[in-house]
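Just one chain follows, in the form predicted alone, and it is written as structure tokens.
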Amino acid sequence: MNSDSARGRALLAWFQAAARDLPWRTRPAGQRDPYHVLVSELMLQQTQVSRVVERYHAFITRFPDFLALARADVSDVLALWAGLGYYRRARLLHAAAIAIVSHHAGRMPRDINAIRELPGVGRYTAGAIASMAFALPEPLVDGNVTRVILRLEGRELASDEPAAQALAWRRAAELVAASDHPGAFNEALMELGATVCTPANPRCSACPWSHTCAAFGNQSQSNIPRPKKRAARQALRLECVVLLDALGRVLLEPRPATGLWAGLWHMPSTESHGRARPDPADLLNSLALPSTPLAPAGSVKRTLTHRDVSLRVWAGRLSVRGPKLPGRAWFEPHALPAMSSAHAKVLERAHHALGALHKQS
């Protein structure tokens, strides 16, 4: 069997030819701006690469370094994060920038323990920063790396089992330590899992490690990793009221600081415990909203990590300027605060419904 150093050389040779052209790869791994590494890694957590590619450049342009991000209002950071989901990551990124400016003179620390003390930075992200920015032989393990190592070792475990995680971190540490280019090695290892050693239908014929892979040797790759135990999904139904005033402004309120869509803005909403449509007057009364005719405007559905969310849309327009309402604010359509993509779609549905009603009148 080849040594880990030989595996590393084979992987790097493959990566040199097969690496995707991604906007955060403008410099070789091991020599990257640690700010760019932190931003890209937090964006990529639980978000498709294609979606991050669409938004990365705009974010870096608006907030080019830790100081610019730390000085920004968190609402501006959330607005530019729109569409990436999991907005808690944006808040943690902002908090990390503030910590780096306040405690490290605006420069990412090189010590792995100091990196891990930053808000939002766990063992994986710390390993990414240490290896890709500072060329330190620190391991990183994500879902792709875990899958590659379980197949390489031929271990039929679920990727979230403690034994699987222990094995993945141990072997990742051994493999990166054996490489002369730890940053490039870590990036190549993740790339292998993302593009070749995929969950279904892995392309073993294109893998630089297939000849030393235990799973490929006994054709067990389709059984590794074992499926995770699925958490029970919860259904959440919301009644959302989009209310416009005579100036065309929309009424919004902030979400709580924790929980679903934390810290973002949304339309006044209430949970619905049945499938029947509520009476519009009762709905307005329950939300302490001004009385006005409401029209049903369809629904918006979202599948989140542990929830299936359905937002039923109601649209109404006041004939006067919107009154002041405690805890709520009226926003011009060109100056909306940060909101989730689901609520942006709710607003779109309401505008369409109100436009159709206007044409009929």
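Residue indices: 1-based, along the sequence shown. From a predicted model like this one, the values you see are computed outputs, not experimental measurements.
Keep in mind the form predicted in complex with a small molecule is missing from the figure; the text below concerns it.
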ask   = Even though the small molecule is not shown here, does it sit in the predicted complex so that Asp33, His104 and Ala130 each have a heavy atom within 4.5 Å?
value = no
inquiry  = Looking at 40-48, 315-323, 330-338, 61-69, which stretch has residues with any non-hydrogen atom within 4.5 Å of the small molecule in the predicted complex?
reply    = 40-48
Residue (of Glu161, Asp245, Asp142, Glu239) lying close to the small molecule in the predicted complex, criterion heavy atoms within 4.5 Å = Asp142
task = State the residue from Ala99, Val250, Met190, Leu287 whose non-hydrogen atoms include one within 4.5 Å of the small molecule in the predicted complex.
result = Met190
ask   = At the 4.5 Å heavy atom threshold, is Tyr124 in contact with the small molecule in the predicted complex?
value = yes
ask   = in the predicted complex, does Trp14 have a heavy atom within 4.5 Å of the small molecule?
value = no
task = Would you check, heavy atoms only and a 4.5 Å threshold, whether Arg20 touches the small molecule in the predicted complex?
result = yes
task = Considering only heavy atoms, tell me if Arg25 and the small molecule come within 4.5 Å of each other in the predicted complex.
result = yes
